[in-house]
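Only one chain is included here, represented as structure tokens and corresponding to the form predicted on its own.
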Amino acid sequence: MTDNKQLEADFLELLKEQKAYQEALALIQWDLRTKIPPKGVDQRSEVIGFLSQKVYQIATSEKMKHFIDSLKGKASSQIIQRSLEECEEAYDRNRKIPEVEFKEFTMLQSKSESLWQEAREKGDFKLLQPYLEKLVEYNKKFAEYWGYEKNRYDALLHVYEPGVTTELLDKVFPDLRRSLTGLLKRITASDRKPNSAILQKHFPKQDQEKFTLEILKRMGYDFSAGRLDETVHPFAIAINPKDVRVTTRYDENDFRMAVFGTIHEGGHALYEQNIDQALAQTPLADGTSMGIHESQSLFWENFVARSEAFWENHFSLFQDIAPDDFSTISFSDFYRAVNEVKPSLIRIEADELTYCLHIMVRYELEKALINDEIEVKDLPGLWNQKMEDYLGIRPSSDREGVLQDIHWAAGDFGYFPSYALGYMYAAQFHQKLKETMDVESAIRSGDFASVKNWLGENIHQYGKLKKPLEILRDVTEEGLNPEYLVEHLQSKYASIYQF
């Protein structure tokens, strides 16, 4: 075996060791959000801090640096070369953070996440505020360690969406907001509004679960490599490529939360389950960015599951499982009702049209926090005002306002723009898929395999082998283009609201 081959073999062994710690962390974090008893949180946070420190130590070790320096530009495969590039970036970024600060931050994240649940339940922002203040300070400090060209927030945005900048978002978001609010005004003025009250009937949790499990199976979610559980804030998590878990939240008086939420998380899970196995136990066995990840969940939730073709195929199944109260609803009324546009306080319950407005509220606030333009204590009031300005509604409590999302409590600043970017990416992928095949006919016939296979071939299989904007350009032959999303929404809602 040549020196390089031995070095590559040793490098891959180090990556396996790092992945072992990361897998243990992922399993613990799944348990923390789904099963853990309240008194176990503090000890669990200590364990998370210990394991996170191990991952950090490997990522920043002299051994890792030796492999990077020795193999960079000499790798025998694209997988090893790209793994080296990912490791080099992680090494450079992590070495800039003192190890003690990294451990303190990860422990704070765990405690804050758990306290968020209590604060949310009580609708009391002040319970979370001191933790959030520390998390914001850590993020500002990390951004300074990492460095940036024009805006401190860019350093955090890069973690979730490499290649995207604040400058780009500040150019795209205002135009998108004007298009959405203009369309919202036309919808509001329409006298052909759906009646969503017909959907708000008692639907037992176990029956909702039966329906959502069947939909996940039809989507192609592999239950021999995953499971569905209940949580406060739904998420999908990849323990490893053969263990990708989905969670959901049920409301027995509004099935839409669980049905569309589970399909959304199922889209994330399909991405992780279908990454090329050749990338397993390397840094490439992951979604290439949160924006591309969100494009997959929003593709399934909005472009598939909210389509007329989807319900033409699944309405009878729905009525078979749903209580008798739903049996008198006509297909037309049902389809229009599940696609009602009505500004809502809760992001994960938002309709297709207003969803991005929720993201813009969060983006503008967290960008201002990181750039020292506002303080954490000001968040509830500023949140409420922006909701009124953009959506015309005002939260009556912190629970339905600033405390509804877990992201800030988890220290994930820079994440929220990924949702809006993902929605725009999804619209572009949907447009390209329509040029490739008759998507509506495939969905109407229940042929999800053809859709899943196209996504797998063009997006999923690559993991981090390709960068996010590289995937976007390779698939769509252009860069970010919000016009496809605007056109989709205009066409769909002009039909539903008849304007």
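Residue numbers run from 1 along the displayed sequence. Because the structure is a prediction, the values reported are computed rather than measured.
Below: the form predicted in complex with a further copy of the same chain, not depicted.
Peer 1: Would you kindly say which of L168, A225, I348, L127 lies with a heavy atom within 4.5 Å of a further copy of the same chain in the predicted bound form?
Peer 2: Checking each option against a further copy of the same chain in the predicted bound form, the one that comes within 4.5 Å is A225.
Peer 1: Between A59, A449, M437, I36, only one gets a heavy atom within 4.5 angstroms of a further copy of the same chain in the predicted bound form; which residue is that?
Peer 2: Among A59, A449, M437, I36, a heavy atom within 4.5 Å of a further copy of the same chain in the predicted bound form occurs only for I36.
Peer 1: Every residue in L12, I68 and L71 with a non-hydrogen atom within 4.5 Å of a further copy of the same chain in the predicted bound form?
Peer 2: No, none of L12, I68 and L71 comes within 4.5 Å of a further copy of the same chain in the predicted bound form.
Peer 1: Using 4.5 Å between non-hydrogen atoms, is S441 touching a further copy of the same chain in the predicted bound form?
Peer 2: Result no; S441 lies far from a further copy of the same chain in the predicted bound form.
Peer 1: Is E483 a contact residue for a further copy of the same chain in the predicted bound form, using a 4.5 Å heavy atom cut-off?
Peer 2: Close contact is absent here: in the predicted bound form, E483 is far from a further copy of the same chain, nothing within 4.5 Å, heavy atoms only.
Peer 1: Is there a non-hydrogen atom of D31 within 4.5 angstroms of a non-hydrogen atom of a further copy of the same chain in the predicted bound form?
Peer 2: Yes, D31 lies within 4.5 Å of a further copy of the same chain in the predicted bound form.
Peer 1: Determine whether any heavy atom of R44 comes within 4.5 Å of a heavy atom of a further copy of the same chain in the predicted bound form, and answer yes or no.
Peer 2: Yes, contact at 4.5 Å.
Peer 1: Of these, 101 to 109, 243 to 251, 128 to 136, 180 to 188, which stretch puts a heavy atom within 4.5 angstroms of a further copy of the same chain in the predicted bound form?
Peer 2: It is 243 to 251 that comes within 4.5 Å of the partner.
Peer 1: Relative to a further copy of the same chain in the predicted bound form, which residues of 190 to 216 have a heavy atom no more than 4.5 Å away?
Peer 2: Residues within 4.5 Å: none.
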